[in-house]
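Here's a solo chain for you in structure tokens, the form predicted on its own.
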């Protein structure tokens, strides 16, 4: 049985508001996260991802509140990332209503955190966010931090393999070069990551035309994450699912209310 391709809406949240830019710069306000989450839920999105791009303690408390209020309104899987540095952070988010957590910088700094979270909560709770860009590494892709602004010198393929071995349940592959450009997912990057792991892979960064979603599936993505094309009304969730369904890609169709 072929699993359905999941369509995921991403909400980058700072100071309690959804923002979006290009390559994580020139951020503009896109709306209230709880209202947007509820809308996407009614439109049939399969999952939601909240990425807290505020680094402060105030930002973390804001995110916990947003997670609680969203969990009361939507009944689809909710992944939360940003600033997670410990098992205790994961516990707080899960208690607030998150179904999964996404980690990046803390795992790079201390890979053992992956195993600690997986051992306590199960691999299905843990998403590794791989923020990658094209660079002079062995594979040609480098892991970055701080929204793609700081390179680590770590090869993205080698890091993905290591993280999966430690217990990651899913990979969120963010193309820092394509982010917000609407020029298409980074097909080469998706193909490369898929070649080193069978762990479920979410493609992120660059969604524009409906054809872009199909191309990412063909490259090996199990799920497709998008932000600006949904936030600014370029496509609705139903548009993407209908396109994929008519082109024989397995998606979970739903009635828009």
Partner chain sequence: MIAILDYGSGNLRSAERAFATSGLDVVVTSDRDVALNAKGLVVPGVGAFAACMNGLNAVGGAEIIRERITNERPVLGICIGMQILFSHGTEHSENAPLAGVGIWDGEVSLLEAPILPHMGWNSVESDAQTVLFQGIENESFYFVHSYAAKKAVGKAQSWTKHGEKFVSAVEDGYVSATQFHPEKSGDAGLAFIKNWTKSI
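Positions refer to the first chain, counted from 1. The structure displayed is predicted, hence computed values, not measured ones.
One more form of this protein, predicted together with the partner chain, exists but is not displayed; see below.
Asks: Have a look at 101-109, 180-188, 67-75, 131-139 and name the one stretch with heavy atoms inside 4.5 Å of the partner chain in the model of the complex.
Replies: It is 67-75 that comes within 4.5 Å of the partner.
Asks: Although the partner isn't part of this model, could you tell me whether residue 194 comes within 4.5 Å of the partner chain in the model of the complex, counting any heavy atom of the residue?
Replies: It does: once the partner chain is placed as it appears in the model of the complex, residue 194 has a heavy atom within 4.5 Å of it.
Asks: Is there any non-hydrogen atom of residue 46 lying within 4.5 Å of the partner chain in the model of the complex?
Replies: Flag for residue 46 set to yes.
Asks: Can you check whether residue 153 is within 4.5 Å of the partner chain in the model of the complex, heavy atom basis?
Replies: Flag for residue 153 set to no.
Asks: Quick one: is residue 199 in contact with the partner chain in the model of the complex, heavy atoms, 4.5 Å cut-off?
Replies: Result yes; residue 199 sits at the interface with the partner chain in the model of the complex.
Asks: Who in 161-180 is close to the partner chain in the model of the complex, meaning a heavy atom within 4.5 Å?
Replies: Read in sequence order, the residues that approach the partner chain (within 4.5 Å, in the model of the complex) are 169, 170.
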